[in-house]
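Here's a solo chain for you in structure tokens, the form predicted on its own.
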Amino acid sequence: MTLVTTPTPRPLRRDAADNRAALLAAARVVLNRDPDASLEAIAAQAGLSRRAVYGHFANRDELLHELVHIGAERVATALARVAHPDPVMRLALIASQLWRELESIRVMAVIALRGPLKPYTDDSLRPLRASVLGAIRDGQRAETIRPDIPADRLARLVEDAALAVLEESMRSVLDNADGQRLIIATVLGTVGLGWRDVEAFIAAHPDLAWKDHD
């Protein structure tokens, strides 16, 4: 009997790996400025030819799919570290960290979460959604989060509220401090806090404020 072995994939040569990374980095910059940007524009930003792109990606959609997948994995990993015994504070920290992760790629983030690329982000974001849902359930049990809306529906509304802030930041000028405060306020307002309570909550937790070195 002849044994058939599957050859181990060869790692990309350093120059090829660097080129692939450069293309993905360029795509983040270019597509955040213009979601309809061409492969030529992305290649030019990376200092490569269009032909070089096809050595790594069969077409523009394949590049977008990988870019969105990598971004979603990065966001999910960063937010997986968020923990706090107070469910309201946990949600505030999630909102704060979400802004920090997405503020520089707002356009691509909205496209990835709202548009046709959404199926490519859903798997990666399941742990984050579970964390939001868990915080809401904990808060409802503790009676610090509104109980009049089912937890799973409220979790979806929280996600929509956060995305609405990203969309607003694309329409009007929001600096990082204002954007971070707005996303926290919107999320906390969605789960039942009044605006005065939100103001007091944010003021009482200076760690929720934007810091330039973050």
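Don't overthink the numbering: it's just position in the shown sequence, from 1. Note that the rigid core is defined as the largest set of C-alphas that superpose within 1.5 Å between two forms. What you are looking at is a predicted structure, and each value in this text was computed from that prediction instead of being measured.
Beyond the structure shown, there is the form predicted in complex with a further copy of the same chain, which is absent from this document and is the topic of what follows.
A.B. asks: Here the chain is shown alone; which of Ile149, Leu63, Val30, Ala46 has a heavy atom within 4.5 Å of a further copy of the same chain in the predicted complex?
C.D. replies: Exactly one residue meets the criterion: Ile149.
A.B. asks: Does a further copy of the same chain get within 4.5 angstroms of any non-hydrogen atom of Val198 in the predicted complex?
C.D. replies: Val198: contacts a further copy of the same chain in the predicted complex.
A.B. asks: Does any heavy atom of Thr144 come within 4.5 Å of a heavy atom of a further copy of the same chain in the predicted complex?
C.D. replies: Answer yes; at least one heavy atom of Thr144 falls within 4.5 Å of a further copy of the same chain in the predicted complex.
A.B. asks: So in the predicted complex, does any heavy atom of Arg114 sit within 4.5 Å of a further copy of the same chain?
C.D. replies: Yes, contact at 4.5 Å.
A.B. asks: Quick one: is His69 in contact with a further copy of the same chain in the predicted complex, heavy atoms, 4.5 Å cut-off?
C.D. replies: Contact with a further copy of the same chain, no.
A.B. asks: Looking at 38-46, 159-167, 22-30, 55-63, which one sits within 4.5 Å of a further copy of the same chain in the predicted complex if you count heavy atoms only?
C.D. replies: So the stretch in question is 159-167.
A.B. asks: If we fit on the core, is the Cα of Leu31 displaced 2 Å or more between this form and the one not shown?
C.D. replies: Yes, shifts by 2 Å or more.
A.B. asks: Once you overlay the rigid core, does the Cα of Ala109 travel 2 Å or further between this form and the one not shown?
C.D. replies: Passes the 2 Å threshold, so yes.
A.B. asks: Distance change of 3 Å or more between the C-alpha atoms of Leu182 and Gly115 in the predicted complex: closer or farther compared with this structure?
C.D. replies: It is farther: the C-alpha separation of Leu182 and Gly115 rises by at least 3 Å in the predicted complex.
A.B. asks: Specify closer or farther for Leu157 and Asp34: how their Cα atoms are spaced in the predicted complex versus the shown form, given a shift of 3 angstroms or more.
C.D. replies: Closer is correct, given that in the predicted complex the C-alpha spacing of Leu157 to Asp34 is reduced by at least 3 Å.
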